[in-house]
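Here you get one chain, nothing else, as structure tokens; it is the form predicted alone.
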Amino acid sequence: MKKTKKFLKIAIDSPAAAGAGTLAKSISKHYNLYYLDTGKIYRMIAYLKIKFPKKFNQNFLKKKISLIKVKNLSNKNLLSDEVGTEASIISKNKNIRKLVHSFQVNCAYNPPKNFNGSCLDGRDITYKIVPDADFKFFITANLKTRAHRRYKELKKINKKILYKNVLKSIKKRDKSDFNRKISPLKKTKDSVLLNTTKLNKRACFLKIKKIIDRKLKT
């Protein structure tokens, strides 16, 4: 696949519910970048596996991935705890990762011409998907803060959701993401660390914007 460096590439990694998605969207909008929440791809696949258990196989998946549109990844069904848990499991599958990897790399290096570049967030973006990104960030927050954020998000969909269950789920996701053998979540040496525990959305955006603008001006 031909790669070009004529546009801006931003790579973001983070554990679940650290605020990376919200931040990435703001950055993408401000700099007119093609945004892809890579975790949502695995959630989409997990959703398909749960919804079509009998049809779910390699050929079925190849066809579905080729039809994936970024706008489809905003489906509220993808936010459920069940889908999140399944997504963490299937993300360890080598065959699935190969299919998703190609899709992600294409989005990163070949965004639509009307965009100034691309911005991807996920678990292995800074060292696996876009290793030559112009900017790399590792977004994090403490466990309870992340669980509370995800709880508020899920509460809008399921009024019966319990905070303790969300907290348990986040802990499980962290263990899986950080310890898996294939593309584990980790902070690279060249990634800028941003802890969002005590920061609101605006403050997070301004910190990242300052870093980007400073480098773009040099």
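Residue indices: 1-based, along the sequence shown. The structure displayed is predicted, hence computed values, not measured ones.
Below: the form predicted in complex with a small molecule, not depicted.
- Contact with the small molecule, judged by heavy atoms within 4.5 Å in the predicted bound form, is confined among 54 to 62, 186 to 194, 153 to 161, 172 to 180 to 172 to 180.
- When the small molecule is considered in the predicted bound form, only one residue from A141, A87, A133, C107 comes within 4.5 Å through any heavy atom, namely A87.
- In the predicted bound form, at least one heavy atom of R97 sits within 4.5 Å of the small molecule.
- In the predicted bound form, at least one heavy atom of T38 sits within 4.5 Å of a heavy atom of the small molecule.
- At least one heavy atom of I125 is located within 4.5 Å of the small molecule in the predicted bound form.
- In the predicted bound form, no heavy atom of S118 sits within 4.5 Å of the small molecule.
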